[in-house]
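Only one chain is given next, in structure tokens, and it is the form predicted alone.
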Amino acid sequence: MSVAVKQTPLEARLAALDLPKGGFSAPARAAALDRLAAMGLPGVRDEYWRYTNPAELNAAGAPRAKTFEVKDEEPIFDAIDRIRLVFVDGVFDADASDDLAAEGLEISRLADADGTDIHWASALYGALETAGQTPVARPLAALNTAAATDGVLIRVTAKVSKPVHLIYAHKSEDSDPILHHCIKLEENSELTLLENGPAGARFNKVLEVDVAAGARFHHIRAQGRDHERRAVTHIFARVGAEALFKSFTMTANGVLTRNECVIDMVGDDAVAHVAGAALGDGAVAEFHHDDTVFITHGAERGESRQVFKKVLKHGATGVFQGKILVKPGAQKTDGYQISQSLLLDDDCQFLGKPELEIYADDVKCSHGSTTGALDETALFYLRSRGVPHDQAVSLLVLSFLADTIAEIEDETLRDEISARLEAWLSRHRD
């Protein structure tokens, strides 16, 4: 008679995965497994998971999620001339994607490139994720590095005129994709990266971005409109001297979303801006949205911005955890952080944890966090001028979110995001 051996949650999670073997990523994957074994999976007693229950992200199998088909509007970014790279339930779809050859770009698929022993990404894969584990452990990122089965590897050597668009399609109700992308921008190069799509029933993604001196990286991401999505995403970025990193995320719907962003500003005069606009309506489906950001200033005259706003209704929950760390010697640092929520009824909650940790004496750093309802005076003013109630509410919400959208430099992309936010508000009027 055999005796069943009880597995720990981590053992069960790993046993459900088909871990890749061999290739250039093998040392990074082995190191990630060692880190994960030492850390264990996240729990609600962990400081940076106290507001978000990771149980569904830790489970051996993904909770089922119905696929969601958008019929009332064109896919986002469709009107933009771009290079499309499509993943279906975590597997690259070459037939639906554009040609990978483009001027100023070297693009390869992780699943293909990892069959070789030598690749430029061998020095980047898992490197920024490893560095981002200190001083805060990020177990689900280590799990990703160990278990990712696909992704794209992009090396940028010039100023690329077309954005690269990563499209994530969800076809199977129990898909559980784990994707890992590496992007390396050489000196004075420039790239815009677009992302959208549900990806799967549960999604774990890591994006490692190395921005060399004088390079510019723009990232615009749309999460939604599927209602049953569960996702944990991680961005790890290293920003060199006089380089620019900008990331904006729009989130609408989703049972559970945790977006982590870890930025290390290693060069003088580096700039890093991270922004997000989230809209949640708990009447349609449960909504829990967590932005966790950690920016480290390790050089002089760095500028960082964290601008996050959430609009919540019908029991939706929003979380923001943001930190600015200024290391000794990082003089003339300019760090700014703001997190705000707009609660459209009394059933929602916003949980904020802003932090500053400063070890230099010549800096300008500030943070703020507010929670409130619609401005009744402004609403009355609009109504008195003949603006219908629902339209007046939408105008005030869009005005509230305007600071986040302003972080998008490209006017066409700004207008696209604004239109999608307005459309969401129109669909969710009471």
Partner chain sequence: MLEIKNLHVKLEEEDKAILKGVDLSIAPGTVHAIMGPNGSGKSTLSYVLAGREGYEVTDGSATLMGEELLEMEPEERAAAGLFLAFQYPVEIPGVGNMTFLRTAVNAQRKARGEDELSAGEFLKVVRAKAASLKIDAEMLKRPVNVGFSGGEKKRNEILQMAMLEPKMCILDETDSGLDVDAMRLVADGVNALRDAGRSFLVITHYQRLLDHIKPDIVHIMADGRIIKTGGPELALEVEQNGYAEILAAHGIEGVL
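All figures in this text were calculated on a predicted structure; none of them were measured in a lab. Numbering follows the first chain given and starts at 1.
From this point on, the text means the form predicted together with its partner chain, which you will not see here.
**Q** At 4.5 angstroms, heavy atoms only, are Ser384, Pro388 and Ala402 all close to its partner chain in the model of the complex?
**A** Yes: each residue has a heavy atom within 4.5 Å of the partner.
**Q** So its partner chain isn't shown here. In the model of the complex, which residue out of Cys365, Leu396, Met39, Ala31 has a non-hydrogen atom within 4.5 Å of it?
**A** After the contact test, the surviving option is Leu396.
**Q** Answer with one of Val70, Val44, Ala378, Ala60: the residue that has a non-hydrogen atom within 4.5 Å of its partner chain in the model of the complex.
**A** Checked against the cut-off, the match is Ala378.
**Q** Which of these stretches, 47-55, 365-373, 22-30, 388-396, has heavy atoms within 4.5 Å of its partner chain in the model of the complex?
**A** Stretch 388-396 is the one.
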